[in-house]
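Have a look below at one chain only, the form predicted on its own, in structure tokens format.
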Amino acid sequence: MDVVEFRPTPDQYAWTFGGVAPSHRIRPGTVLKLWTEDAFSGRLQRTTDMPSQVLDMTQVNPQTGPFFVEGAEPGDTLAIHIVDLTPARDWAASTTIPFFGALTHPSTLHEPLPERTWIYQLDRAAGTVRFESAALTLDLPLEPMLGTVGVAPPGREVRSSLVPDTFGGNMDTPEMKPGTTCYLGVNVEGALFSVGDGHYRQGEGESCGTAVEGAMDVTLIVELIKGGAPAWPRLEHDDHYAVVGSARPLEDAWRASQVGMVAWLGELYGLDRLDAYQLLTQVALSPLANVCDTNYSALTKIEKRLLPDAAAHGGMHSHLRSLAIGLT
């Protein structure tokens, strides 16, 4: 397999999906060993750092990429398998930002919530990150994930790296973890995919709008499936299938994920739409991804143990998992 290593400098970050020239051209089957900066561009380093003083809101969620995948054409499916996510620093940051987050909104009579910054220290040996407050100190399990994985949108559209939609983007789901294969529909020649926004851990919903945000060393395998582009991003683990829908209001994000799973069940088992809808109703889980971004993201998730064995997208996940085991 080809192996490409890339540690971007600040002038090489991408800030949008679409509208950016590729940093690399790669062949399907390539292993990428990447570094991603945190969502704050590394500017929040101390509890005394306040977002209004140190952040440039035009430079949040820097992306590594985009990567042009040779042979990728509109209508194809890009398969991105997360082999490994390793924190690249021994600390990470989270914060409250005025009128940002699920429990504050500018269209109200209340004042913005106060700014506050938390710095989480990483204990690599214990596999934990430390929450510290005046009243409580707590070691939480390290559960690294990528907040953003996406391709260029169709129609020459350019979208901020803060936005999730059909192209993926800033979905902020804890399901985007090592061992996951993400399937994205290709919209433009080369797909032009980017990744970033590493989280050392995040609860479902990302309530205050910021996770435990940290720089990340990322290992991926990238493959191409001709045709079969899904309408919404699909995730496959060893134990689950999941579809991510992103929209506002939240029920529309949930509906999109449900419709996407109905379509996937039809592909996997030859079910007509109503049979798939009935089965979905009895087996689906509905975890939230984010309720704070420009679009909200919701998942529909099904345990594989409840279903007959199937080879989603031609068995691509199993293939990539076997390659990943060889790498690790």
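None of the values given here were measured: they were computed from a predicted structure. In this text, residue numbers run from 1 along the sequence as written.
Same protein, other form: the form predicted together with another copy of the chain, not shown, and the subject of what follows.
- Here the chain stands alone, but in the model of the complex its contact with another copy of the chain, taken as any heavy atom within 4.5 Å, falls in 244-252 among 220-228, 75-83, 244-252, 181-189.
- Contact with another copy of the chain in the model of the complex, defined as a heavy atom within 4.5 Å, is made by all three of T16, L140 and R305.
- Among heavy atoms of D275, some come within 4.5 Å of another copy of the chain in the model of the complex.
- Although the partner is absent here, T210 lies within 4.5 Å of another copy of the chain in the model of the complex, judged by heavy atoms.
- Contact between F131 and another copy of the chain in the model of the complex is found at the 4.5 Å heavy atom cutoff.
- Among residues of the shown chain, Q53 is not one whose heavy atoms approach another copy of the chain to within 4.5 Å in the model of the complex.
- When another copy of the chain is considered in the model of the complex, only one residue from L34, L271, V31, I26 comes within 4.5 Å through any heavy atom, namely L271.
- Residues of 130-164 that come within 4.5 Å of another copy of the chain in the model of the complex, judged by any heavy atom, are F131, S133, A134, A135, L136, L138, L140, P141, G155, R156, E157, V158, R159, S160, V163 in sequence order.
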